[in-house]
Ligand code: PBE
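Below you will find one chain, with nothing else, as structure tokens; this is the form predicted alone, and questions on how it binds or moves follow later.
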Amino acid sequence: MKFNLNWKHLGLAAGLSFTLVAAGCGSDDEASGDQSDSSGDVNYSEEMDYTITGIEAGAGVVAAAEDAVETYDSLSGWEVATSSSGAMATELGEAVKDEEPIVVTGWTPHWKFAKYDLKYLEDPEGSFGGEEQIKTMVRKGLEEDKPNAYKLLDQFKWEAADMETVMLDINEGSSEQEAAQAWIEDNQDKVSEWTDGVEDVDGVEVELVYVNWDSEIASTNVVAEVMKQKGFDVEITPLENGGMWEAVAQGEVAGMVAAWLPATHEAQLSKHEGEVVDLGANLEGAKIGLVVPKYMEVDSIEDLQPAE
């Protein structure tokens, strides 16, 4: 019995010694990890494979992101992966669900800011420009040919919160027309300002074009539904950025309420200046830039790391 007890004592001592050694090793590793965390040098960039999740090729925000890649040392070796605004939103949603890092090309107004906790990365080099407006552009001759359509489009103005309400409603399952009609019903005061002095018509045809972004889907559907209530026969057609501007400039359609200026559609405006009629801003305070979830510990584009 005594012999067994001594071996038990030896076993306990050996086990205790092993535990202490192991604990000591663990403490060193944890201390090392703590130092890494305290430095704030989390390499999100490597986790994201040095990729910015973009939208359609040719979009102004994509061009600005590509310019940022060339401008910032912190984005050296990065690429902008183009897809669509819908695909970008899907990837963002999946990343947020799993609390994974992601950088997307973003813009305001957009429903994603109402649904997720997001932030713009600071842009000290100004690659994405400053505050933007969304403008209404119509074809030449519209005022003479269809004065009531011209007047309503000229008087269309709303705010970012209005647009985001419609966008979020669509994202949560309403059809585009249902979301537009619901907003119109809840905002008759604004609608009455747009239609002030606009006479009812009987089947006057009007075609509007838009780029297939959530923001422009919302605004174009709302305007179309209001025009239908005034008796217009309205058709709305999604096009790529260049095709949208071309259609208005060539007089093939009545117009659009989707011109982001001065930065996003700068190239298209330069190409078609003098060929379209600028009715001014229908929404102030729009913005583009690189967007990340707030749980990411980065605040500026300069906080990212270049590819090795």
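Quick caveat, the model's predicted, so the values are computed rather than measured. All residue numbers are counted from 1 along the displayed sequence.
The same protein has a further form, the form predicted together with ligand PBE, not shown here; the description that follows concerns it.
Among 254, 283, 52, 59, the residue placing a heavy atom within 4.5 Å of ligand PBE in the model of the complex is 59.
Contact annotation: of the candidates 221, 215, 136, 165, the single residue with a non-hydrogen atom within 4.5 angstroms of ligand PBE in the model of the complex is 215. When contacts are judged by a 4.5 Å heavy atom cut-off, residue 291 does not count as touching ligand PBE in the model of the complex.
Ligand PBE is not shown here, and in the model of the complex it never comes within 4.5 Å of any heavy atom of residue 45. The stretch in contact with ligand PBE in the model of the complex, judged by heavy atoms within 4.5 Å, is 261 to 269, chosen from 246 to 254, 261 to 269, 66 to 74, 275 to 283.
Residues in 121 to 153 all lack a heavy atom within 4.5 Å of ligand PBE in the model of the complex.
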